[in-house]
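We begin with a single chain expressed as structure tokens, specifically the form predicted on its own.
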Amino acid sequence: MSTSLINGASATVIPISDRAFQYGDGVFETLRIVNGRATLWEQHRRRLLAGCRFLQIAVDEISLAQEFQQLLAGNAPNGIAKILISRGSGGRGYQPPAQEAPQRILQFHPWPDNLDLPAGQGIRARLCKHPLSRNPALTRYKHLCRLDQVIASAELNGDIREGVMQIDSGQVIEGTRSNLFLVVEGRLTTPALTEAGIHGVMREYLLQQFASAGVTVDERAVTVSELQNAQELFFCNSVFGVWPVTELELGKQVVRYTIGPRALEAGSYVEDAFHKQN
């Protein structure tokens, strides 16, 4: 059963005048909860607060932290938590109001069975037709304007679990709900996020872990032709962890991959993060 808190009180309704609903005016984070612990909490917290500062939303950090612990204490030990900060209500028009009343919306959802995959199973994916919008100023923040991802996700069906998204130039950026890694000519690579996309928390964590292990990861522009020739391909995010790709639909062409050592290494780092004890 899902539960929610709004500014610390159990509630499920916000005013229709709230700017999150009217304009997507806010930020959010989604976290995996394992044994009552929020995975990579500090990284999520930093990005959430950075997004609030960027949007000039004055969030009450102390209340937010207390309410998050309240949410975890009142729910099952395993699940998915979502934190959404809205600027609050503010009349008609895009310009933020002079007097703001930000809303802290916290949700807990039971863990869905379809997100966990055996380490060696892998998924099928598809190159999406809908492009990502370019906005370099927003790549560091998990903002509420997710229409590109909604449209692209509508292209996924059947056993297609994730989609690869590009910008209008054809440059590969990320998944519909994840970041992307690939092995090209033996080198571990991840698309540069200078034009579009989101700097995912799990992506940053994996970059740190690979660096600590002495593995160089190339962050650069990636093309569709490189997807065709890659030896490995895998997605990552903070909820499902790592999904290796075994088949990728590129229009009428299907590219097949093996689940290689880099994907397995990434998976081991994710397991460490999910099951790390306080």
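Here the structure is a predicted model, which means the values were calculated and not measured. We number the residues from 1 along the sequence you see.
Below, we refer to the form predicted in complex with a further copy of the same chain, which is not included among the displayed structures.
- Residue contact with a further copy of the same chain in the predicted complex: residue 150 places a heavy atom within 4.5 Å of it.
- For the chain shown alone, residue 16 is a contact residue for a further copy of the same chain in the predicted complex, at least one non-hydrogen atom being within 4.5 angstroms.
- Within this chain, residue 173 is remote from the site of a further copy of the same chain in the predicted complex, having no heavy atom within 4.5 Å.
- A residue is said to contact a partner when one of its heavy atoms sits within 4.5 Å of a partner heavy atom; residue 268 fails this definition for a further copy of the same chain in the predicted complex, lying far away.
- Residue-level contacts in the predicted complex: of 183, 156, 207, 76, one residue has a heavy atom within 4.5 Å of a further copy of the same chain, and it is 156.
- Interface residue among 140, 187, 134, 124, judged by heavy atoms within 4.5 Å of a further copy of the same chain in the predicted complex: 134.
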